[in-house]
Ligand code: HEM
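This document starts with one chain, in the form predicted alone, laid out as structure tokens.
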């Protein structure tokens, strides 16, 4: 053995010992802590607003005119749908990039910090008009309702901040590939690449819309093309949902098998699922406009197919996860048809929370297919069913996975430990959250089928008998919302306790090994340039014709309206 080899081995051992002792690079850990702190503060404020909203929707309280239901609804949506999810996703993936790629590059870390402050400043600029009741346009901010231009400027800054983080991730991955020729991108970094590709390309449409609305709201442009704006919004709106989903899926594939003592099903299948979710995602947003006028039947059929195609990688994920769970359960001694289920670590919050999230995705995915189908969509469109579906997919499948991640990620970045007592707190929190969502989302689905509309405050429509029949279900909605705020308070307490007060120690960043070594995965799976080109072709198939039609044969534009 020559001297060079000995030195390399010594250096490698030293790095491993250093990682065991020091954990994550302190500068990278500080970055993720900042992102996580903002995410969970947003959860706290957004959760309180959600409770107020639920109590008024059930007819139990009446919010004052200076802080009305629609203001609360707008702020609740912005804080939870954009701030919580964006900050959590970026903080989580940047921690994983640091762990799997040997640390963030200094310029990438700087870009992430600049992106962080752009998003924080943008959030403040967007929220102030909401508080002043000058931007009560709800999360979807559909024109012709017009907010203060500063609301749209704030949103634009948030998007620019997200783009900076996406470019930073691309630079870090490209640098790693250049230094490691012939090696596969580590699977966690592969997931991160897919998510940031969607974040960048999926937000281009809504960015164009927001800049148009800024000029319109300032009065520099007299009218706006309403249908074009809606179409650009949903090219982002639905993609955003699947960005959260892909983030949750990364933990299902990579983290859950490690926590239960198993292995990842197949590295090749994992990468193909990510590629398919990236390629098929953006055109899926059209099904939100399936009842809009101005869209031809042929176009709607094309987009129905594109939306449903997202279900194929989801079914592949279901197969892979059931395989891993059953195989690991049997390895641990499980017998019989379902005996393996008893061997899974149900008392470990790091498993329990994402497991319930995965179970919830079964009805959530089925509900999504119902809304994608024209005839079924006619029944539930613009009813509370849609809100219930949203809380089942995002509020349960995605957010419960985020909560499960927090119980190992926060101790990992803080060089602390998850204690048995905090684990019990997490289990109780998970059960409370699950019950809350069962009550709230379940009642929303049911009362939506009975015709109760979405986006409106409580009303009996002049004591109409049908509307009065919705009241019992709305009480269940309020019960669910009350349980959820208890879950929010416990979760926020757990996060900041683990960040600052838990016992010092070393926590692992759990990444499961695949059953078959990664070197047997086909090299073509790493060709991100090719997958992005195919994605753009699919997006063009879905969007070029309708966008050209909406621009060339534009309907009369609309001036801004303030309806509140």
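Only a predicted model underlies this, so the values are computations on that prediction, with no experimental measurement involved. Positions refer to the first chain, counted from 1.
Another form exists, predicted in complex with protoporphyrin IX containing FE (HEM); not displayed. Remarks below refer to it.
task: Please classify the binding site as open or blocked after superposing protoporphyrin IX containing FE (HEM) from its position in the model of the complex; blocked means at least 3 ligand atoms come within 2.4 Å of backbone or C-beta atoms of this form.
output: Open, going by where protoporphyrin IX containing FE (HEM) lands after superposition on the site C-alphas.
#### Entry: 395, 433 and 485 all contacting protoporphyrin IX containing FE (HEM) in the model of the complex, non-hydrogen atom within 4.5 Å
Heavy-atom distance to protoporphyrin IX containing FE (HEM) in the model of the complex: all three under 4.5 Å.
Review point. For the chain seen here without its partner, which of 321 to 329, 68 to 76, 347 to 355, 144 to 152 has a heavy atom within 4.5 Å of protoporphyrin IX containing FE (HEM) in the model of the complex?
Key: Looking at the other structure, the answer is 68 to 76.
> Can residue 514 be called a contact residue for protoporphyrin IX containing FE (HEM) in the model of the complex at 4.5 Å between heavy atoms?
Replying inline: Contact check for residue 514: no, nothing within 4.5 Å of protoporphyrin IX containing FE (HEM) in the model of the complex.
Check whether residue 214 has any heavy atom within 4.5 Å of a heavy atom of protoporphyrin IX containing FE (HEM) in the model of the complex, and answer yes or no. Flag for residue 214 set to no.
Taking heavy atoms only, is residue 481 within 4.5 angstroms of protoporphyrin IX containing FE (HEM) in the model of the complex?
Judged by the heavy-atom cut-off of 4.5 Å, residue 481 is in contact with protoporphyrin IX containing FE (HEM) in the model of the complex.
**Asked** Might residue 265 be said to contact protoporphyrin IX containing FE (HEM) in the model of the complex, defining contact as any heavy atom within 4.5 Å?
**Response** The answer is no: residue 265 has no heavy atom within 4.5 Å of protoporphyrin IX containing FE (HEM).
Select from the listed residues 455, 175, 183, 424 the one whose heavy atoms reach within 4.5 Å of protoporphyrin IX containing FE (HEM) in the model of the complex.
Checking each option against protoporphyrin IX containing FE (HEM) in the model of the complex, the one that comes within 4.5 Å is 455.
Since exactly one of 51, 495, 538, 39 fits, which has a heavy atom within 4.5 Å of protoporphyrin IX containing FE (HEM) in the model of the complex?
Checked against the cut-off, the match is 51.
Check: In sequence order, which positions of 135 to 164 have a non-hydrogen atom within 4.5 Å of protoporphyrin IX containing FE (HEM) in the model of the complex?
Finding: Contacting residues: 138, 139.
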